[in-house]
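Have a look below at one chain only, the form predicted alone, in structure tokens format.
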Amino acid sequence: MTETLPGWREGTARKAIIDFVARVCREDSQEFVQQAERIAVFDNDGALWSEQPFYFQGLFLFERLRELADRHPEWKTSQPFQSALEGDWQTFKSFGSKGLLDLAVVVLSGTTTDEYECIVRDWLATARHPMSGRLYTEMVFQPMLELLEYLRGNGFKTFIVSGGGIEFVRAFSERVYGVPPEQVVGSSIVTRYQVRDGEPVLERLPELNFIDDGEGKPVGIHQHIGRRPIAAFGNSDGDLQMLEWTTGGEGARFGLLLHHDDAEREFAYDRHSAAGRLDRALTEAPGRGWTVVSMKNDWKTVYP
């Protein structure tokens, strides 16, 4: 018999997950949930793969910015482009998600959606993390991959709800997580339909469309999914409203926060980190009934 969640250690976090799934999936349970309503949402950065020393999409954009910098001398003296070109992550982090999206708008506008997907896939195939030396897609969390599979095996539909770019995540979500592109919600820029040389394309324009972070996450879920989830999994204050909205509904609900407290196998950070800050949500988790997972204590392994 296959072990349930083999990458998780026995403990309150693993038990809470298994107990919740049993309650909502057993037909004789008072908290039984019909399969169509078994919706689970996952943040991506810091919840499904690492996010230090900076969000991986940011590192991708930094590289693209440097490739194009000779054509845009104005970037060297204007923010957030100056800090990105100089590799000054601390300054760039101070601009938050807006800075990252501003960078994406400028660096990759004008490309078609198909061209952009190819650029992302080519980068992911060869680019390596500056500290671990691993491919970025090798820095996904094995216990979370198991959790995705466990939920799907119990009739859940799993969605990614990311503050990162929707098209960036869609370029690898199915291959890496088993989550098809239509089940990815994320930040976006304005896109328009046009015909180029007789071929219909979707062109990315230099204008923000939607920021799927913080208060934007419940809005994105409502617009893209159309059902309130019954389970939400995150790791930062940017996920607080997603967990709050998910667990605020009627019936059985589940919220989980991953606490990065394992400096030896991954990274240790929480309240004072510019990327993936976990402060208010960590304080409020006990009172809200959210499960806090210690990467150090609750996981047998981190990466596949």
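Just so we're clear, the structure is a prediction, and the values are computed from it rather than from any experiment. We number the residues from 1 along the sequence you see.
Omitted here: the form predicted in complex with another copy of the chain. The next part is about that form.
Heavy atoms, 4.5 Å, another copy of the chain in the predicted complex: which of 254-262, 60-68, 238-246, 267-275 makes the cut? Say which one.
Going by heavy atoms within 4.5 Å, the stretch is 238-246.
Is there any non-hydrogen atom of V169 lying within 4.5 Å of another copy of the chain in the predicted complex?
Flag for V169 set to no.
Does E149 reach another copy of the chain in the predicted complex if we count a contact as any heavy atom within 4.5 Å?
The answer is no: E149 has no heavy atom within 4.5 Å of another copy of the chain.
How about Q223: is it within 4.5 Å of another copy of the chain in the predicted complex, going by heavy atoms?
Answer yes; at least one heavy atom of Q223 falls within 4.5 Å of another copy of the chain in the predicted complex.
I'd like to know whether P218 contacts another copy of the chain in the predicted complex, with contact meaning heavy atoms within 4.5 angstroms.
Output for P218 is yes: heavy atoms within 4.5 Å of another copy of the chain.
With another copy of the chain left out of view, choose which of N154, S188, Q82, Q142 has a non-hydrogen atom within 4.5 angstroms of it in the predicted complex.
Only one listed residue qualifies here, and that residue is S188.
Out of D122, D114, E74, E86, which one falls within 4.5 Å of another copy of the chain in the predicted complex, going by heavy atoms?
Among D122, D114, E74, E86, a heavy atom within 4.5 Å of another copy of the chain in the predicted complex occurs only for D114.
Looking at another copy of the chain in the predicted complex, which residues in 8-38 have at least one heavy atom within 4.5 Å of it?
Only A36 sits within 4.5 Å of the partner.
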